[in-house]
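A single chain comes next, written as structure tokens; it is the form predicted on its own.
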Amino acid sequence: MNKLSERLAREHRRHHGVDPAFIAYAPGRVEILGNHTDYNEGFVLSAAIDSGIAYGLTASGSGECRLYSADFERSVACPAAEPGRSDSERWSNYSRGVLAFLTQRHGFSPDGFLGTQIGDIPIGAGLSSSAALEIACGLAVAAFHGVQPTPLDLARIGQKAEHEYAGVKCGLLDQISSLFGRADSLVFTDFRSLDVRTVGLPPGTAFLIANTAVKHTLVDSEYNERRQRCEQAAAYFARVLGDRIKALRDVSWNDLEAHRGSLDPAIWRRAAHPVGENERVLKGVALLEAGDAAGFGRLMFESHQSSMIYFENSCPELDTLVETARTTPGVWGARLSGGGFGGSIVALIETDKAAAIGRTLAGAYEKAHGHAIEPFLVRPSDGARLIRPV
């Protein structure tokens, strides 16, 4: 993080000719347990990671914002009062949206600024660089204007920017994880109440990410089908079990089994995944608090099996990596991370065996699928913060 903020300061001086007066940093995130539970008002365990986005700014002395991406080496200007969207410089829409909604939410007249963004999150690994950018920008712009949004307020501003300026209908998991992360800990979020707390990891453990670089077709339609089936299941249980059922979060595994013969089999299978995931997350919290890495790892393997059988959001490439991890010394557990249908797996490992585990996963993957991957270690890290001024 310190090296990234130093790079940010250099790029800001090089492009804008002045030092940044404000610098903020926000980490990316990885989902550890609780797959497709957020929109079912359930529970998720995630982690902020040790790479992210730094954002710096200085007053422009006018009503104009001049934004620069050091990663893309692109710049664009927009009026602070009406930042609008850009079809040609889409990377800037996250900053534009955050500025617009922060202004709207807190009711101030925005001043123009010179902004620079830079990141070190691995591209295409599903580690949410977009949310990190939104949060880093939000912290810097809020400090520049002397306003203090609460963390959840800032998370919602980032989400709204992503919905309405970037066109991505994300949940709040990414922004919450980036804001509430803590070193060597997981972020436990209740997506009904939005209560958030952290749970420590057992000493000597970390996470290995292995990115397949695969994204299968029809992902949007597949996602929509699964969400619809979950909503249909929740509506069914509300009819038969009464007002205590507000979402799938309120349905137990025993409820599911008791009604297996009454539900459409496709709806039952889809519902089984988030219902099982919610129970796994709660068990996982208890296991982490007891320092039981092996027990927690077994839940990760169970989660992936549920993805394969019930939700069908895995794919052969992800399955190869998880099955290899299952028999690799030093791996406690592994599962797909994120929406599925491609992307990455995350494995809970013994930190000092990371290099050997990475080689084993990469070798098995290349043998099975014909191309190389480069697994990399991530450590749960502290959440977003303002660096300058201190």
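The term rigid core refers to the maximal set of C-alpha atoms that superpose within 1.5 Å between the two forms. For every residue, the number given is its place in the sequence shown, counted from 1. Note that the structure is predicted; figures quoted are calculated from it, not measured.
Just so you know, the form predicted in complex with alpha-D-galactopyranose (GLA) exists too; it's not on screen, but the next bit is about it.
A.B. asks: Although alpha-D-galactopyranose (GLA) is absent from this view, report whether C170 comes within 4.5 Å of it in the predicted complex, heavy atoms only.
C.D. replies: Flag for C170 set to yes.
A.B. asks: Using the partner position in the predicted complex, report whether G63 sits within 4.5 Å of alpha-D-galactopyranose (GLA), counting heavy atoms only.
C.D. replies: Although alpha-D-galactopyranose (GLA) is absent here, G63 would stay clear of it in the predicted complex, with no heavy atoms inside 4.5 Å.
A.B. asks: Even though the partner isn't displayed, in the predicted complex is G338 close enough to alpha-D-galactopyranose (GLA), meaning a heavy atom within 4.5 Å?
C.D. replies: G338: contacts alpha-D-galactopyranose (GLA) in the predicted complex.
A.B. asks: Is N35 close enough to alpha-D-galactopyranose (GLA) in the predicted complex to count, meaning some heavy atom within 4.5 Å?
C.D. replies: Yes, N35 sits close enough to alpha-D-galactopyranose (GLA) in the predicted complex that at least one of its heavy atoms falls within 4.5 Å.
A.B. asks: Want to guess which of 53 to 61, 27 to 35, 318 to 326, 351 to 359 is within 4.5 Å of alpha-D-galactopyranose (GLA) in the predicted complex, heavy atoms only?
C.D. replies: It is 27 to 35 that comes within 4.5 Å of the partner.
A.B. asks: Give a yes or no on whether each residue among Y68, E134 and Y165 has a heavy atom within 4.5 Å of alpha-D-galactopyranose (GLA) in the predicted complex.
C.D. replies: Contact check failed for every one of Y68, E134 and Y165.
A.B. asks: Pick from F144, Y223, F108, W91: which has a non-hydrogen atom within 4.5 Å of alpha-D-galactopyranose (GLA) in the predicted complex?
C.D. replies: Contact with alpha-D-galactopyranose (GLA) in the predicted complex is made by Y223 alone.
A.B. asks: Which residues in 88 to 116 have a heavy atom within 4.5 Å of alpha-D-galactopyranose (GLA) in the predicted complex?
C.D. replies: If the 4.5 Å heavy-atom criterion is applied to alpha-D-galactopyranose (GLA) in the predicted complex, 88 to 116 yields nothing.
A.B. asks: Aligning on the core only, does the CA of R156 end up 2 angstroms or more away between this form and the one not shown?
C.D. replies: Moves: no, less than 2 Å.
A.B. asks: Rigid core aligned, does the Cα position of C230 differ by 2 Å or more between this form and the one not shown?
C.D. replies: Yes; C230 is a residue whose C-alpha shifts (by 2 Å or more) between this form and the one not shown when the cores are overlaid.
A.B. asks: Answer yes if the CA of G358 moves 2 Å or more between this form and the one not shown after aligning the rigid core, and no otherwise.
C.D. replies: G358 C-alpha, core-superposed: shift of less than 2 Å.
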